[in-house]
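One chain comes next, on its own, written out as structure tokens in the form predicted alone.
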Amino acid sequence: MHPDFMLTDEVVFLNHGSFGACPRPVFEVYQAWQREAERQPVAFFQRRYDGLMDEARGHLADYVGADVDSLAFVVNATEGLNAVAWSLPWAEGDEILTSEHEYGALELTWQAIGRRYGTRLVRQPIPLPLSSPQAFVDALWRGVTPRTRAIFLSHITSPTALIFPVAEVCRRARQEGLWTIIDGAHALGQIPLDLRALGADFYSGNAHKWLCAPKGSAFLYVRPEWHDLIRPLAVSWGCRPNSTFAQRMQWQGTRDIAAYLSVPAAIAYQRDHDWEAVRGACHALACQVHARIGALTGLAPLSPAQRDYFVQMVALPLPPCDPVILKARLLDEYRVEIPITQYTTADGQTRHLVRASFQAYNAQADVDALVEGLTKLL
């Protein structure tokens, strides 16, 4: 186990993708900010708050290639995407086009939007294995109709761990006058981000996953032309008349902002520890899982073993099994903490996958433990 991470050595931890893990030096910065707030709360929240938040946002904006005024901190990507979904002016009959690989909580969000406004979520089938960015875009665009108002898509999917070519989707959508709403929960810290170049209208990502910031740190990016549309889920003092997007989002009552203020420390930690090399080593472990579990099950993978399709997180199809029992027995008998994910195809078929995440604290022995457990249990 990597000495900077506080994970227990009682399990083989292959589930960084769910909640992340924060290295001790960054966590200590987080705790220091919490103590600073308690030392003089009135000064911290009434006189220092905006300056501290603006400075932290500036560091994050530089890191993700965004104008600082187009960026706001949110607790998690789900909150950021909900702020977008509930702010946009939907009309009855509008369609939101998505894939069959999206995060379940956000599908529930769009279903709630549909009940409120009469919109429809269209889950477009994406043929697997992925073969090229253009093939993906062509498959997605077969779901576009005259009623399509927006495209909602993951940058890196949660159930299937696939990198989608969102830059090309955003480019084509802009040509056709469609909003692009991108779930970047797994992207920040795992793949390079340049939000200006990417071209999404709305993008929300977590810092507490692959950037390894403390829990409860994420961001929402909104292109300048849409700033006036977006409101926070909680209306508070930041929502005065003529307030900017960043001002509206920044103050939503008293809350712990230590996780936000620690994001610059997480960026610095990865920069100082050559995280590109870490990502390369993690990708090599993910490629091993791709090959060895594919050989074990005989099932076709979701994509080639290339960084265009996955980096530190990879999902492999499983043969028919009870996913709850398999997950429990991997943990109980082989000490492997790993999720069994699922996605439902457009024709109603449920597919189960084992999703392995690799971070700086993982090593060859962890791959071996997973493969051994699956070999015995399957």
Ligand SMILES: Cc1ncc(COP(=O)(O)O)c(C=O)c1O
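Don't overthink the numbering: it's just position in the shown sequence, from 1. Note that the structure is predicted; figures quoted are calculated from it, not measured.
Below: the form predicted in complex with the named molecule, not depicted.
> Though the named molecule is not shown, can you say which of 247, 78, 297, 288 has a heavy atom within 4.5 Å of it in the predicted bound form?
When the named molecule is considered in the predicted bound form, the option within 4.5 Å is 78.
> Can you work out which of 200, 106, 85, 261 has a heavy atom no more than 4.5 Å from the named molecule in the predicted bound form?
Checking each option against the named molecule in the predicted bound form, the one that comes within 4.5 Å is 106.
> With the partner left out here, check for me: in the predicted bound form, does some heavy atom of residue 222 sit within 4.5 Å of the named molecule?
Although the named molecule is absent here, residue 222 would stay clear of it in the predicted bound form, with no heavy atoms inside 4.5 Å.
> Any of the heavy atoms of residue 166 lying within 4.5 Å of the named molecule in the predicted bound form?
Residue 166 lies outside the contact set for the named molecule.
> Any chance residue 364 has a heavy atom within 4.5 Å of the named molecule in the predicted bound form?
Output for residue 364 is no: heavy atoms all beyond 4.5 Å of the named molecule.
> When the contact criterion is heavy atoms within 4.5 Å, does residue 160 count as touching the named molecule in the predicted bound form?
No, residue 160 is distant from the partner.
> In the predicted bound form, which of 232-240, 167-175, 182-190, 89-97 comes within 4.5 Å of the named molecule (heavy atoms)?
Result for this chain: 182-190.
> Where, within 195-225, is there a heavy atom within 4.5 Å of the named molecule in the predicted bound form? Residue list please.
206, 208, 209, in sequence order.
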